[in-house]
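Before any questions on how it binds or moves, here is one chain, the form predicted alone, in structure tokens.
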Amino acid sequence: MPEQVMSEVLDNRRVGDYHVLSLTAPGIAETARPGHFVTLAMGGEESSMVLRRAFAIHQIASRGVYGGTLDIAVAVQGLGTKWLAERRRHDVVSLVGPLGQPFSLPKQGVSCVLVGGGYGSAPLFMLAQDLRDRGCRVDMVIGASTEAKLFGVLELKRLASSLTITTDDGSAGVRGRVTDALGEAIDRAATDVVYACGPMPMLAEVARISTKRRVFSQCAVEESMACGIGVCMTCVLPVVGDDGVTRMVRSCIDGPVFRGDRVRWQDIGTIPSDAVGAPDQEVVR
């Protein structure tokens, strides 16, 4: 079950264009798995920002008197993330987690390709280590618009059998999008499973490429989450179930990890007419 704790900031460091915050998280870090996320309250007790923000868990650790700790990667995009990026050591924030459904891990050693877009590569660190511990081969493909928006390149090189880097402007690695290099990476490693985290258009293309090559894919979606606990219904998207029926499911509790071939990527933002409970006409959210 998720827990709510008043978490102390232990460190705030810059990694390219991002901030990585280390937070005390007793009771949360011990049960967190790759793909889980947490939510943080923004602005302190007197803030008018009533909605929490969701962040994928980057790494977890055990740190003596602090108990479990966890790291999150923050990209400054608005007032809430700007406030969070300004937190300093010993500041206190309200933290809830672990939330969501984590990545499913293979029971035996298989060949895996991990795909990250921008700071979407942050949750892949824990995943890569867990896969290696299970005897899996781990290859990585990460990309961003520019070199400054890549995340954790040096650490990923140590975790992966191979690392392919792409940037839209060619400032690092190969010029192009991360999905431009995915097909070759899958073929080269005789891949069994693809794991991905990043922007929704990237995930849709990852799922398409994987399905075309008959490779199983798991995608951690980046839908907007207002509550993070399944109450508000702002993060719903159409997903095909085991029975072949489309349902509007909640990213925060049914995901954020879904099978890539089950998400109806082209219909995100709508309620398909054949979905369970759909109105007579398609409704744009």
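Note that residue numbering follows the sequence shown and begins at 1. Model, not experiment: these values are computed from the prediction.
Although not depicted, the form predicted in complex with a small molecule is the subject of the following passage.
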Where does the small molecule sit in the predicted complex: which of 142 to 150, 77 to 85, 105 to 113, 160 to 168, heavy atoms within 4.5 Å? 77 to 85
By the heavy atom within 4.5 Å rule, which residue out of 182, 73, 95, 138 makes contact with the small molecule in the predicted complex? 73
Of 238, 260, 34, 256, which residue is found within 4.5 angstroms of the small molecule in the predicted complex when only non-hydrogen atoms are counted? 256
At 4.5 angstroms, heavy atoms only, are 54, 119 and 225 all close to the small molecule in the predicted complex? yes
Partner proximity in the predicted complex: residue 28 to the small molecule, non-hydrogen atom cutoff 4.5 Å: no
